[in-house]
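Single chain ahead, written as structure tokens, the form predicted on its own.
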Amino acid sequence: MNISVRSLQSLRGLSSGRRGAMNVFDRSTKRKQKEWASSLLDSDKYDYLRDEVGSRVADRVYDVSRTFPLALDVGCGKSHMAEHLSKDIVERLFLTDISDSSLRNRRKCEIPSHCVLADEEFLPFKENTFDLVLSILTHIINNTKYPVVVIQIHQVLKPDGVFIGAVVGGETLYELRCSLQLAELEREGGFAPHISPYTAVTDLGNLLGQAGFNMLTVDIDEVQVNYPGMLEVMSDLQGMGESNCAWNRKSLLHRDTILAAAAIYKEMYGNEDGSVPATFQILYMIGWKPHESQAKPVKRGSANVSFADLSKMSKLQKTNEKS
């Protein structure tokens, strides 16, 4: 396996350069969270969600009946997807992540791979380079007015290249979110965001279209995990490197509020066996970079058969069957 680790120091401007656009996540904090999580001695035990989503995204790659000479995994973490792919489908793979520790602890795979240390918002590749771009559970939607990462993914794809990815949906961890809000209202008279904001499914198609993708497919899945209690949910999120990194996050959560939230969580959502569920809504997306060979919709008003005629044909067919 041919592996090289490269470091990128970007000299580009801020990703929020467009007027009126504002980034949601603190990229420096996210890097520190991922570095800390991947350096844990038992970090593998927190990989269950990424492993599951990685296998489901890999299934969607196999659904595309073609071979990809060169692919890119954006925000790969410890490479949770490559182990589910074969070199017959993906011939060469570039892995990028913001965390050096994650890249060094990556999983082995049969595909010849190259590692690049880079922020997802500053991809160090030329335009029209890759046949396939993949991404799972990465904060690629940092700005809903100007989705920098998605636009760059579109740029590095070759014409007729495909982007297949998965992001966390807006209904994720609604149990934890509700419990913390109710506890803070009760104990402190108000509440602040303690969970990262996630992408709404209604926005995802618009963002992909805004970046220039066509022939879009978006579908929703839910993964529910049972934990002994709310504290274990929060501990696993920290172990995944997925603590809140939004700019408007509140850094302090009082002990009394945490205990009250844990009691509310168990009372409102608890299972009969004493465990509590945590729901992860996963949004899967597929988008293609335009090419002249792709199927295109016919012009409006060019139809030569009306729906009224179709209904008459259906009635005529039923009459013939009865006779």
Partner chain sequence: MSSSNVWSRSRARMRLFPELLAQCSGEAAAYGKCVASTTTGKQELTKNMCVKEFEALKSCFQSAAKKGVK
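Positions refer to the first chain, counted from 1. Everything quoted here is computed from the prediction, not taken from an experiment.
One more form of this protein, predicted together with its partner chain, exists but is not displayed; see below.
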property	result
Among 75-83, 123-131, 102-110, 188-196, the region lying within 4.5 Å of its partner chain in the predicted complex by heavy atom distance	188-196
Residue 171 within 4.5 Å of its partner chain in the predicted complex, heavy atoms	no
Partner contact for residue 262 in the predicted complex: its partner chain, 4.5 angstroms, heavy atom	yes
Its partner chain contact in the predicted complex: residue 201, any heavy atom under 4.5 Å	no
4.5 Å heavy atom contact, residue 35 to its partner chain in the predicted complex	no
Sole residue of 218, 215, 225, 182 within 4.5 Å of its partner chain in the predicted complex, by heavy atom	182
The unique member of 267, 292, 63, 273 whose heavy atoms fall within 4.5 Å of its partner chain in the predicted complex	267
